[in-house]
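One chain comes next, on its own, written out as structure tokens in the form predicted on its own.
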């Protein structure tokens, strides 16, 4: 007679292992994968839960913010008690993940990403995931990822519009191939100055998490990386910008020159 624990261990991933493009081999790859998630807000909270449920073996969460009431409509991991207490998001997310999947490792880092700590945070992972809310941090990640040939997944959402792109250094365009520099802070759109809808955040986070699962579970992703998926969920429109190659004059990847 199997104990409930043994039964759960065998059947936890049964429905996704049954999906043949993933299969048992892909599931084992997920179990050994290591992910750095920068930001545990709207995108990050959903992404971390989806990856924990998928069985990604190690998730490092980096966020220096605390839960507040303005987060509650779109940030999946948090309770009213978390907002009332002003609990650090990285800690609250790690506690929630421990309840979801006790067989994986989650590491909470209550710190802000910076040039001085990115190497220690990202040096032992397989992919960096975007839960960030500003382009300055994204450019820091992009430049580090390109300099170390580390894949990362760019994602963003404001209002009801979002975009996702998997960036693989030397294979795809990087963020600086598309934008030479971050926009000035006063011109950057974000949830605070533009608003954001919870279902739009959940949709884009689901796509980002799926891109991570594809990247981590197969030697070659089943779809070509570097394509940008752009959705306007309020108007019900979608477009796909096909894979872009590294720009020869890119100050980061084209010349393999750090743009920081």
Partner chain sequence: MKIRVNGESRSVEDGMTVAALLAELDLEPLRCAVERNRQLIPRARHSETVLNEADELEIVSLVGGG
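Only a predicted model underlies this, so the values are computations on that prediction, with no experimental measurement involved. Residue numbers count along the first chain shown, from 1.
A second form of this protein, the form predicted in complex with the partner chain, is not displayed here; the remarks below concern that form.
Trainee: If contact means a heavy atom within 4.5 Å, which one of 97 to 105, 118 to 126, 176 to 184, 78 to 86 is the stretch that engages the partner chain in the model of the complex?
Mentor: Flagged stretch: 176 to 184.
Trainee: Contact with the partner chain in the model of the complex for residue 41, defined as at least one heavy atom pair within 4.5 Å: yes or no?
Mentor: Yes - in the model of the complex, heavy atoms of residue 41 and the partner chain come within 4.5 Å of each other.
Trainee: I'd like to know if residue 233 sits close to the partner chain in the model of the complex, meaning any non-hydrogen atom pair within 4.5 angstroms.
Mentor: So residue 233 does not count as contacting the partner chain.
Trainee: Although the partner chain is absent from this view, report whether residue 147 comes within 4.5 Å of it in the model of the complex, heavy atoms only.
Mentor: Flag for residue 147 set to no.
Trainee: Does the partner chain come within 4.5 Å of any heavy atom of residue 24 in the model of the complex?
Mentor: No, residue 24 sits far enough from the partner chain in the model of the complex that none of its heavy atoms falls within 4.5 Å.
Trainee: Which residue among 91, 72, 189, 171 has a heavy atom within 4.5 angstroms of the partner chain in the model of the complex?
Mentor: Looking at the other structure, the residue within range turns out to be 189.
Trainee: Decide yes or no: are 131, 163 and 244 jointly within 4.5 Å of the partner chain in the model of the complex, with each residue judged by its heavy atoms?
Mentor: Result yes, every residue of the spot touches the partner chain.
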